[in-house]
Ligand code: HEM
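Just the one chain here, laid out as structure tokens, in the form predicted alone.
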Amino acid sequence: MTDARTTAQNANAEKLEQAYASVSDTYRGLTEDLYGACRAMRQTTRVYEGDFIAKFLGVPTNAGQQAGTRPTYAVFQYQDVMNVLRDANTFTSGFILEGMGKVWDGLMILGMDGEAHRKVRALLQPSFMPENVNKWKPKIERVMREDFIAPLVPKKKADLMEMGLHFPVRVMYALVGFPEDRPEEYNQYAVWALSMLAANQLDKAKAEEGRRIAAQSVKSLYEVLMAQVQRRHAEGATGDDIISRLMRAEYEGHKLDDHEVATFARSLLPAASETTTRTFSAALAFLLTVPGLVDRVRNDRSLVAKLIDEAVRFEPSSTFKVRETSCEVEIGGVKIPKGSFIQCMVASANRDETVFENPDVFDIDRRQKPSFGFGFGPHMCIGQFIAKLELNCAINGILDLLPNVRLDPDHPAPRIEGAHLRGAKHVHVIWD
């Protein structure tokens, strides 16, 4: 790589680290005891009448500036959260298009409802199912080991979150279809993707500037994606990247046009990197702090998948989901008017003691039940299988290439924090 490209790569890496830290700060919130607050509500107040997230967590939601303008309720129990998330007709997501969606051209699968959402999801979903995602495994393993882990080996020590922030960007943007010979540009694209979240602010004074930053980021990322879409179009869209797969997708006689491909590809990117990073930090934290766990997983790699699933249950990076009622409903004897916001407290439901035995214990041997870290129902995270594959490749690579990896005694143990978008800032390790 030339000196100019190395300089650009370093500058973009620094911007990415700053953007990630800014998002983390926005969602750090008020509470130091998220799970204690959720437990108290779950056991005493089935339905909270009011804006629980603003009052107790102190973070914004994807309702944007609509938050606080209409009736708001929160649910905490496992079954209530499941019922809301799986009933997309009664509990809708279109309000997102009035908040974040205003700077997204409206084509945002997260904020689509009904038949429109069903058709788009049917077009997109096949590209992200395990049988297709697993075709990318050799590429992901190669990038993970050669570009990220192997360079660490002679150093004998590292903060694994330095690679944890960058490998999801490197992998995901290559899979989308950006040129693999210019990875130094990926970090700039990831900065734009994270900056699209800037429109969500509790402070109204910051919200206006946040929307301006988000709108510019949306435009910039769209332009580089559209250039790749047009390039694929000229080549016949025969490749195995996400852009080419979306261009070839067809459902009920409908295919996506270039604008739709670029827009939907863009909508995948804000969470594609940072959510994987946060889940990576949680999985590593438990792998290295639960007594005897790292030895068990090192000797039985089938446990890596269970480690990831338990990390998603125990420490979901996204601690809540919000929906809007399309009609008057009743939950737990509380009548909820049409047009109300329902805050589904995922962090609470994932530790509901009526569903999970010893829910506050990290246990990869527990009998698996659905949890909500990747959502649930029609809007379940479309990229979850890519994220899990990346995490699996990363953890296996670390165990293979960093002998006897363990926490560095010269640094504090990793600490997972945040009221929403939770994760550990650092995971300092040494190896033999």
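Everything quoted here is computed from the prediction, not taken from an experiment. All residue numbers refer to positions in the sequence shown, first residue = 1.
We do not show the form predicted in complex with the named molecule, though everything after this point is about it.
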- prompt: Given that the partner is absent here, does residue 123 sit within 4.5 Å of the named molecule in the predicted complex, heavy atoms only?
  reply: no
- request: Spell out, yes or no, whether the shortest heavy atom distance between residue 380 and the named molecule in the predicted complex is within 4.5 Å.
  value: yes
field: Contact test in the predicted complex: residue 72 vs the named molecule, heavy atoms, 4.5 Å
entry: no
- prompt: How about residue 52: is it within 4.5 Å of the named molecule in the predicted complex, going by heavy atoms?
  reply: no
- line: With the partner omitted here, the residue among 263, 350, 217, 276 that in the predicted complex has a heavy atom within 4.5 Å of the named molecule is 276
- request: Identify which of 271, 224, 97, 294 has a heavy atom within 4.5 Å of the named molecule in the predicted complex; exactly one of them does.
  value: 271
statement: Assert contact_stretch over 226-234, 295-303, 146-154, 263-271 against the named molecule in the predicted complex, heavy atom within 4.5 Å, equals 263-271
- prompt: So which bits of 319-357 sit within 4.5 Å of the named molecule in the predicted complex, heavy atoms only?
  reply: 321, 323
